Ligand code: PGA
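We begin with a single chain expressed as structure tokens, specifically the form predicted on its own.
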């Protein structure tokens, strides 16, 4: 497993259902990775492109966007942790709000997937976050507490798991919490339980080239999970640059 505590910050590109061979060729040729070895850059393409981009690695790591909760068996269309391990995939996003909302994934599903990833020496990037309605009702901390309790495996620790805070209402909307709100929410997560004190906790939700530096520089933020802006090589380069 990657030694995640050897890095000070993480920049995870979530390409979602985008990209093809031509796009990957152009993106990887244009992307400029900083020489700062303390920064960990991860690109998460569609599952069909994992092996292709793995062979184009250049100072970045490769992550999957999802994985099956089943180890093997009659589960048509699923991709197992063992399959990701065969491809030497180092990271995997789990529990993204789109998976939770569109595909009805539960905290229990996320916990099961994360447990298997850790067993296969793949770092789960476990996403948590509240909806706009929950935020407006003052339920943010209650929602996050429940997700932390139920989504994070008991044997997770700061060496094998990354937590991504993604307020659902900020994903793809152009809206973001204030810097103070982001920092305070990350502080809440880190202090929720002593076990989370040293976890790497990254922020996701409309992270762009013009706000990433300020977000990542916040005292309780350890990096960013980037969606749309990660599809533009120049924007993503600006986000990860020194």
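Note that the structure is predicted; figures quoted are calculated from it, not measured. Numbering follows the first chain given and starts at 1.
Form predicted in complex with 2-phosphoglycolic acid (PGA): not shown, discussed below.
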{"property": "Proximity to 2-phosphoglycolic acid (PGA) in the predicted bound form (heavy atom, within 4.5 Å), stretch among 24-32, 201-209, 185-193, 56-64", "result": "201-209"}
{"property": "4.5 Å heavy atom contact, residue 16 to 2-phosphoglycolic acid (PGA) in the predicted bound form", "result": "yes"}
{"property": "Residue 113: touches 2-phosphoglycolic acid (PGA) in the predicted bound form, heavy atom cutoff 4.5 angstroms", "result": "no"}
{"property": "Touches 2-phosphoglycolic acid (PGA) in the predicted bound form: residue 172 (any heavy atom, 4.5 Å)", "result": "yes"}
{"property": "Heavy atom of residue 130 within 4.5 Å of 2-phosphoglycolic acid (PGA) in the predicted bound form", "result": "no"}
{"property": "In the predicted bound form, residues of 205-234 near 2-phosphoglycolic acid (PGA) [heavy atom within 4.5 Å]", "result": "205, 206, 207, 225, 226, 227, 228"}
